[in-house]
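One chain comes next, on its own, written as structure tokens: the form predicted on its own.
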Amino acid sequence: MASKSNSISDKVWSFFSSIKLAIAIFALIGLTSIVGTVIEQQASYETNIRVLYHLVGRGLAPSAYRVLDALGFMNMYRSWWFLSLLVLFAVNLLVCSIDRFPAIWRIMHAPIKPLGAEKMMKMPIKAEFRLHVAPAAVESTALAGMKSAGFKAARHEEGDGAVELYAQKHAWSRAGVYLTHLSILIILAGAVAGILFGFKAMLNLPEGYSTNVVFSRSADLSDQEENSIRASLMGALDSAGGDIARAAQAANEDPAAFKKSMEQAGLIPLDFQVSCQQFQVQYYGQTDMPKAYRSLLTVIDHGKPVVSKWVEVNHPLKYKGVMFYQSSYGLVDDLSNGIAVLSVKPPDGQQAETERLKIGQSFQIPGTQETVRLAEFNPALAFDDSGKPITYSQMMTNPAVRVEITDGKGPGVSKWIAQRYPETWRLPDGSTVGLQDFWGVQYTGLQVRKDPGVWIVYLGCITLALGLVVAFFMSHKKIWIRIEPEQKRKGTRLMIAATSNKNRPAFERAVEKLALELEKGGK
């Protein structure tokens, strides 16, 4: 009795080895990725609702947002169904490769054999002509020509004196397509590793502050709930010095539950602290257009600073696989804790000294009776038509401080000193008080990323490049040259046959060149 060939395992194997399945999965990944590209991932409600206004109209946008959010499109690349599509595609690709590889393996390892005159004339590339030289001379020339073309020829001699030379090269190039399949699997593995074990977050870190927590938007909470829970969790973390176990204990929670609450609120803990020591902005000339901005970040691990670096756009700080990219900047809400860094130079030309003051504090200029009091700070100083000082921007585009100068003998003088305009630094008595910085009122906006799969993806890309080179620029080539003595004409009958699995026209030109050389040598 014949055994069933259509068993359940056969059906499952047939399903996963189907090219139609591969096309369907690839199409689904492509279509969903279009949606994931249009919808900004892990963005705020306001950001994506504006996109949907333009796509479906103001009336349908809220409903469309709720549907897309319920389907996981707001954090699509971490959704279970997208990961399932990637895994299904990988399984399909692997099964397809395994199913078809044995036949290719047999072809690659099949030894080349002599064909004989009849079969040679049936090959796709062939040539035949007669030469007026002895067969031994033709054979010598043919061997030299095959060697120069990269073929290591084997020799077969028949009883009638006929000799057949044959060779093949690049049989392994048939595996090029499987190298590309392997590269895709490696890239998918790297992508999944990045999705499961990496993160993409942001951090607005004020000057002088340090933290071991970064922020990613949670899709499970409303903005109001998220802000409330974040404030509570951050308060517990601050009181515990960033130690999660102590923060959980202070909140009367189990550490695992505390971490789960952090995850819900989009808080991602780091196993080290990062501190912003200083932030600087440079402008184009006297304009308010920023030319460059950078942050001096210090990593603190186990209570000790381990690395410091000025972070600029395209020049991130990397530590333990976490990358800190310079992204944005701005002013903190409370400017009262800012510290003015002043350079003070007496009128007699002595060396300048540095003073660090908060609003309301004062100092005496060395060698004089004048006292300078820091009265006011303005991050973007301008004057209206009446000469009244105003703030024209919420960025520190023209930082300035107002100082009150007294000598104890008469009424004091009030003066604005602008950081970007040194001509405002000179005081009436010839002293100069320059505003070098107003420290502690700016924050640096950082993008924070961790992707443990990035090197796996790089390896996959290198493998893909090699696979494409092999698949498109190399081919499995075979060639046969048959040399038959002609007794009557005292010459030689020469036959050439060849085949190539790819790029046959190029190989055909190479065979024609070899044939011309043999014909030329036989005249």
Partner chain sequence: MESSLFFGLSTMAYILAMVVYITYIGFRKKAIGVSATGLTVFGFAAQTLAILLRWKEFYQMSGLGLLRSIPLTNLYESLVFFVWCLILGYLIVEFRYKNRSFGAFVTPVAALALLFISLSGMSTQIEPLVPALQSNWLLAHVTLSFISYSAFALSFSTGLMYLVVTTKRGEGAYMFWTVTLGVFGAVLLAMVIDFIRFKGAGLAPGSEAFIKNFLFKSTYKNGETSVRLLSYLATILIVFVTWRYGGALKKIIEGFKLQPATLDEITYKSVAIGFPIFTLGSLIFGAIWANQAWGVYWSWDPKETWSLITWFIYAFYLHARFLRGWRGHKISMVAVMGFVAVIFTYLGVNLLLSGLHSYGSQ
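This one's a predicted model, so the numbers in the text were calculated from it and none came from an experiment. Numbering follows the first chain given and starts at 1.
Keep in mind that the form predicted in complex with the partner chain is not shown, yet the notes after this line are about it.
The single contact residue among 306, 292, 112, 134, judged by any heavy atom lying within 4.5 Å of the partner chain in the predicted complex, is 292. Residue-level contacts in the predicted complex: of 405, 185, 339, 191, one residue has a heavy atom within 4.5 Å of the partner chain, and it is 191. The candidate stretches are 491-499, 64-72, 477-485, 463-471, and the one lying within 4.5 Å of the partner chain in the predicted complex by heavy atoms is 463-471. Interface membership of residue 80, defined by any non-hydrogen atom within 4.5 Å of the partner chain in the predicted complex, is ruled out. In the predicted complex, the partner chain sits within 4.5 Å of a heavy atom of residue 313. The partner chain is not drawn, but in the predicted complex it has a heavy atom within 4.5 Å of residue 23. Shown alone here, residue 454 lies within 4.5 Å of the partner chain in the predicted complex, counting heavy atoms only. Heavy atoms closer than or equal to 4.5 Å to the partner chain in the predicted complex belong, across 317-348, to the residues 325, 326, ordered by sequence position.
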